[in-house]
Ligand SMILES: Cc1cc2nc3c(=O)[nH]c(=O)nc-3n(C[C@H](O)[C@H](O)[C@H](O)COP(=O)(O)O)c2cc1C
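Only one chain comes next, encoded as structure tokens, the form predicted alone.
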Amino acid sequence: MATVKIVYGSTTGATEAAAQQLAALLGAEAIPVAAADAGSFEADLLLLGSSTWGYGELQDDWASGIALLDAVDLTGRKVAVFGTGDSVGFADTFANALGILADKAVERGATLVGQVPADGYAAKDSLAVRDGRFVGLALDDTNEAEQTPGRLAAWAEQLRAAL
């Protein structure tokens, strides 16, 4: 059976809630990045989650998490990224953290899975959008909370198919 792990950073609880919901949907282990070690990144499918802060930065706990990720070889592994943000108030940096995590995972040798169309979001620009698609799942509980459960369920199905 394929192993699935979720490593996430959360300040207000929105990304943690998404991580826990994904863990339930995928039968995965959810690990706060602040409590992670190198073994936390060992999985057949690794999900990396972060909210976006400031001017498009990773959540604070990822400061040490990126150093851990830098030491991990993800060659041959599937990685998916997800995160939370505000697509209206921060339309020019919405979900930038996804782009940062995706780039780091690819740099470490991972195969990125779980891209989602960018249609239907208020965001105007993001480091996480490539060729009209988010590099992973972007969630906006500030303005679109009613869409979160459906987006999580659909993404979990997409990830199951990628395994």
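Because the structure is a prediction, the values reported are computed rather than measured. The first residue of the shown sequence is 1; numbering continues from there.
The discussion below concerns the form predicted together with the named molecule, not included here.
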Is it the case that A14, even though its partner is missing from this view, gets within 4.5 Å of the named molecule in the predicted complex, heavy atoms only?
yes
Quick check on G54: any heavy atom within 4.5 Å of the named molecule in the predicted complex?
yes
Can any non-hydrogen atom of Q21 be found within 4.5 angstroms of the named molecule in the predicted complex?
no
Check A128 for me: does it contact the named molecule in the predicted complex (non-hydrogen atoms, 4.5 angstroms)?
no
So, F90, T93 and T142: all three within 4.5 Å of the named molecule in the predicted complex by heavy atoms, or not?
yes
Which single stretch, out of 26-34, 46-54, 61-69, 113-121, brings residue heavy atoms within 4.5 Å of the named molecule in the predicted complex?
46-54
Stretch 68-90 - residues with a heavy atom within 4.5 Å of the named molecule in the predicted complex
T84, G85, D86, F90
